[in-house]
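Let's start with one chain on its own, the form predicted alone, as structure tokens.
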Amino acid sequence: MTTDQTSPATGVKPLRADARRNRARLLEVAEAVFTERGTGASTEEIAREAKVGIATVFRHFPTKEALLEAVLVRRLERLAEEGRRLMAETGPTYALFAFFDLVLDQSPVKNAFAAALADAGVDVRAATSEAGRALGEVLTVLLDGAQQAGVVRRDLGVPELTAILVGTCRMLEHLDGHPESAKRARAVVRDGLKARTGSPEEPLPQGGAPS
């Protein structure tokens, strides 16, 4: 089957190789522009930076919101890829904490993209559901590996870890402009995740925290 044929599984004609390259290039440029200049940057600015006409941008992304949504999804997909890479390259002893730091470092930009989409009336959770599931799967593997290695407390589940990540991101936003305080706060959170020497925690029962 050539790239110009319609997929029998989806009924959608796949993009040609050059169109895929153009779309990837636009996403790369758009991410850089939105990150550097804020989500108020226009599609015209992105077209100029990508050295294409505005019609090319709208051919791939009919609205600015569609472009911003695609950028956010791609960031989440890359984050999942980084989690898998960390597990493969650093092993379970270090991978979860490295991923934790990566999520915190990328959170301000991700949250800004999500807030702009929400302000435009986009259901961000629905738009990023597939990428979010992939991230959840990666987090499950990383947490399980860290617990099996004995470096993270065993009574911690993915729902609690996710909540801790979200809360820590918000805490760091509150401490923006106070780098030393933010550094200490991150250290406190990391220490709270670590397994207690000589006092193994019991794993939480399925479905949440004990009553």
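All residue numbers are counted from 1 along the displayed sequence. Superpose the two forms; the largest set of C-alphas matching within 1.5 Å is the rigid core. This is a predicted model, so every value here is computed, not measured.
Keep in mind that the form predicted together with the DNA is missing from the display, and what follows is about it.
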property: Of L172, V152, V29, A41, the one that lies within 4.5 Å of the DNA in the predicted complex (heavy atoms); result: A41
property: Listed range touching the DNA, judged in the predicted complex by heavy atoms within 4.5 Å, from 161-169, 41-49, 175-183, 143-151; result: 41-49
property: Proximity of T35 to the DNA in the predicted complex, heavy atoms at 4.5 Å; result: no
property: Close approach of V189 to the DNA in the predicted complex, 4.5 Å, heavy atom; result: no
property: Contact test in the predicted complex: R196 vs the DNA, heavy atoms, 4.5 Å; result: no
property: Any non-hydrogen atom of A24 within 4.5 angstroms of the DNA in the predicted complex; result: no
property: Complete contact of R75, V103 and Q106 with the DNA in the predicted complex (any heavy atom, 4.5 Å); result: no
property: Residues within 4.5 Å of the DNA in the predicted complex, restricted to 129-164 and counted by heavy atom; result: none
property: Did L68 shift 2 Å or more between the shown form and the other one, C-alpha, core superposed; result: yes
property: C-alpha of L26 off by 2 Å or more between the shown form and the other one on rigid core; result: yes
property: Rigid core superposed: L143 CA moves 2 Å or more between the shown form and the other one; result: no
